[in-house]
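What follows is a single chain, given as structure tokens, in the form predicted alone.
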Amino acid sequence: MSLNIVNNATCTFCGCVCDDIELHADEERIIEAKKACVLGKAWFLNHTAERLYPEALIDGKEATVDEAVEFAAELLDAATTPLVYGMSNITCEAQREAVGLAERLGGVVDSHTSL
């Protein structure tokens, strides 16, 4: 098994954009993330090249992406005050869309940093 080392990797998980991370990976996954904080380590070490889960689940059963999007839309439409949460690992454009969705639904926005 060969070990691949990537120097100066950038972590985008929490928004600090640390760019001095040293990643150690085998053929399948990252096995070490030197200089990464607790959040960054958890983020890097939980990414794999293999597919572990189906594209979507509804009530624990495999579903297509289209079925999952339709189900999510129904849930959001029925919600009294939907919460749009997280958004730490998505693009600015996707964050803009998420905030727009919350406004359209009469929902609220919160980030992972409120913990």
Partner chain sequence: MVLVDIRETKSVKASDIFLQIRPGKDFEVITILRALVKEQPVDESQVQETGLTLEQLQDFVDRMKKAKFGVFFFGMGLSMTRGKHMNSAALLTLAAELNAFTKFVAMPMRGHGNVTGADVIMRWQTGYPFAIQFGRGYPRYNPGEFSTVDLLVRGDVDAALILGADPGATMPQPAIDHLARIPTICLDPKVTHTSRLSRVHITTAATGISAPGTGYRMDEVPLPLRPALKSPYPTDEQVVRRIHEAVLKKPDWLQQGNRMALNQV
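Computed from a predicted structure; not experimentally measured. Rigid core (definition): largest C-alpha set, two forms, superposition within 1.5 Å. Residue numbers count along the first chain shown, from 1.
The same protein also has a form predicted together with the partner chain, omitted here; what follows describes it.
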- Going by a heavy atom distance of 4.5 Å, is Ala33 a contact of the partner chain in the predicted bound form? no
- Partner contact for Thr113 in the predicted bound form: the partner chain, 4.5 angstroms, heavy atom: yes
- Message: At 4.5 Å between heavy atoms, is Met87 in contact with the partner chain in the predicted bound form?
- Response: yes
- For Ala68, is any heavy atom within 4.5 Å of the partner chain in the predicted bound form, or not? yes
- Which residues in 17-34 have a heavy atom within 4.5 Å of the partner chain in the predicted bound form? Val17, Asp19, Leu23, Ala25, Asp26, Glu27, Glu28, Arg29, Ile30
- Query: If we fit on the core, is the Cα of Leu101 displaced 2 Å or more between the shown form and the other one?
  - Reply: no
- CA of Met87, rigid core aligned, shift of 2 Å or more between the shown form and the other one: no
- Relative to the shown structure, Cα Cys92 and Cα Ala9 in the predicted bound form (3 Å or more change) are closer
- Item | Change in CA distance between Gly40 and Val108 in the predicted bound form, which is 3 Å or more, as closer or farther | farther
